[in-house]
Each structure stands twice: as structure tokens, then as C-alpha cells.
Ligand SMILES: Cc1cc2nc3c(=O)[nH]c(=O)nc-3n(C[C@H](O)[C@H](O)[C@H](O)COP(=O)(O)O)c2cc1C
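This document starts with one chain, in the form predicted alone, laid out as C-alpha cells.
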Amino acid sequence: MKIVLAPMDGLTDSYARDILTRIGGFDLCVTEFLRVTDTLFPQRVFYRRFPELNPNNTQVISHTSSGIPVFLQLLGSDPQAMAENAAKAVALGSQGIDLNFGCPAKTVNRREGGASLLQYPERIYQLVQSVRQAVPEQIPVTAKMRLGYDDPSLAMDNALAIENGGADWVTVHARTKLDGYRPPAYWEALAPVRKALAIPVIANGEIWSVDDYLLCRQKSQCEDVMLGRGAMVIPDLALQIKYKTGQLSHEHYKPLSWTDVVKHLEQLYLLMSTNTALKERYIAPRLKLWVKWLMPTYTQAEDIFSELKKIRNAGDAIKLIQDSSKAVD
């Protein structure tokens, strides 16, 4: 069973990938999308979107600091431009290329990107095939799609187009573009896709707990899963799933306490503070965002958030977070 960290624009950036894979349970990460039009990007653009490619930032290129592989996600509708940028990313060291056919954002879909392509299975086939032909055969080419644009009537056609184009596996977010992120996720709609395809199908959408995972597995018939927002609310959700399904022994799993979480937030603060390219004013908002996501799981996060959200200085923010851990001790 594979657990993948979802690409979420503005949320699961390189800092989040570093922290969440330190906590553990993930087998793979996918970057936030790099939007491709008709341009072959210079090296600096790849490094900005995908810092794990930069040899100055990582011990092993295209891996997090804890050794988990990272794939670059590309979003676009021009087969040649997508292929050229995929080839360049691989030349820089990317361990794999993921293609975005699922983003529901209006700005993306107005310009023939993301989920808008789910209306045209043939175009999806051409994009996957072009990228597959542009990179070495040992480099995985994968894709993420939704069940459809307005409705799921083309779900099977799109999934088969991805497979026939040469993808190694496909992740299916179990909602349409029209559904957005509104519950529920239609996990049962993945089962026919899983049965029809020879390549692996990874289930995604509304997995907030171990029980959600177990129900998703039952309904979708997919063992592999991609976690997104659920991993922000429960940072050790991937570990919990592996423990519950017998992949981790009791000796290798310890519930993540608030004190443990604070140590990881300290590491997040250090990672951001030592990045000279990141302006200091962005650090406090990012810490606040993490604490806000943690509120449903940890009462300590809820206790400090009203005071934390008033703080603008990053040093003051991390001190308040640290003090909340001392209060627990």
C-alpha cells in the first residue's frame, strides 16, 4: 500500500513536504503544480517551484530531507511545451513527472488547464503520450484527475486515455470539478475504474481519519491513497493508517503528542528562517496557518490561536507556540 502526499497549491510546499515526511508514513510527494504555457522554463523556475531539485537545498536530489521521493507536477494543455519542460525537469534530477487534470480553480480552467481538460479525453491522451515519450522509460509519468468536469460520464474515458498514453499510475480525486471540495467524495465511483485499468489507481478525497481510509478502500477497491488536507489536520495520519493496517508494529508507532507537534513547528520555523530568499513577513502567517489546521485535533492549538493570529513577528509566534508545549509539560 502506497501513501502519497497530495499537491495542494499554497499549502503542501517544500516546507510542508519536509515536515510531514519527517513525521513519517508517506511513500511519495508531488509538488504544487508548475503551470506551463508555451515556454521552456529556465533552471531557476524549476528550483523555485521544486526546491528539492536544487543540490544546494538537499542531500539527495528530488527527495525530502527524510529521503522520500518527490515528483514534479506540471499543468498545461500544450503537448510539446509540457513534454519539453518534463524532459528538462528530469534532466535536472526529478524522480518523476505528474500531470494535473484535476485543479478546479477558475483561473486555471478558463485557460484550458486542470480539470477543464476532462471534457476532452483525446487531448488528455495526447498530453500523457507526449510527456511519456519525452522522458526516459525508467522515469514514472503519472497523472491526477477528477471524476469529471460537470459530471462523471467521461471518468472511464479519461482514465483509459491516461493509461493508454503510457502513464504508470493515475490518482483519482473522487469528485467532479463542479463538486469542488464539497463533501462527500464519491469513492464508490472509483471501483469500476480500478477494475478496468491495468495500472494502479490511487484514491483521493475526503480522507480525514483512519476510518475514512478503511471505508474508502472498501468502496473504491483501491489500497493506495493520496492524503491532502487530512494530513494537515492529523499530521501523523499516514502513520496511523499504516499502523491500523498492520504495516507498522506497535514498537514503531507512537501517537503524535502536542509536544511532538511543537518540535516540528520549531523545525518549520528554522527551515523558513534560514531561507534568505523568503521574506520574514511570510513566516508568521505560515505558522498561524499550520496551527489553524491543527485545531480540530489538538486543543492546545485552539487555545493559542486567538492570541497567535494577532502576532505579526515570527519570533513572537514561535515563542507562543513553544510556551504552549511547556504548559502541557
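Throughout, we count residues from 1 along the sequence that is shown. Predicted, not measured: the structure shown is a model, and the values here were computed from it.
In what follows, reference is made to the form predicted together with the ligand, a form of this protein that is not presented.
*Asks:* Would you check whether the ligand, in the predicted bound form, lies within 4.5 angstroms of a non-hydrogen atom from each of 20, 235 and 297?
*Replies:* Not a single residue of the candidate spot has a heavy atom within 4.5 Å of the ligand in the predicted bound form.
*Asks:* Between 158, 94, 204, 220, only one gets a heavy atom within 4.5 angstroms of the ligand in the predicted bound form; which residue is that?
*Replies:* Residue within 4.5 Å of the partner: 204.
*Asks:* Given that the ligand is left out here, which of 135, 216, 189, 227 has a heavy atom within 4.5 Å of it in the predicted bound form?
*Replies:* So the residue touching the ligand in the predicted bound form, by this definition, is 227.
*Asks:* Contact with the ligand in the predicted bound form for residue 320, defined as at least one heavy atom pair within 4.5 Å: yes or no?
*Replies:* Looking in the predicted bound form, residue contacts with the ligand do not include residue 320, since no heavy atom lies within 4.5 Å.
*Asks:* Could you tell me if residue 33 has a non-hydrogen atom within 4.5 Å of the ligand in the predicted bound form?
*Replies:* Close contact exists here: in the predicted bound form, residue 33 approaches the ligand to within 4.5 Å, heavy atoms only.
*Asks:* In the predicted bound form, does residue 316 have a heavy atom within 4.5 Å of the ligand?
*Replies:* Result no; residue 316 lies far from the ligand in the predicted bound form.
*Asks:* Consider residue 13 of the chain shown here, and say whether it contacts the ligand in the predicted bound form, taking contact as heavy atoms within 4.5 Å.
*Replies:* Because no heavy atom of residue 13 falls inside 4.5 Å of the ligand in the predicted bound form, the answer is no.
*Asks:* Within 4.5 angstroms, counting heavy atoms, which one of the listed stretches 174-182, 239-247, 191-199, 127-135 is next to the ligand in the predicted bound form?
*Replies:* In short, 174-182.
*Asks:* Pick out the residues of 6-36 whose heavy atoms come within 4.5 Å of the ligand in the predicted bound form.
*Replies:* Contacts from 6-36: 6, 7, 8, 9, 11, 32, 33.
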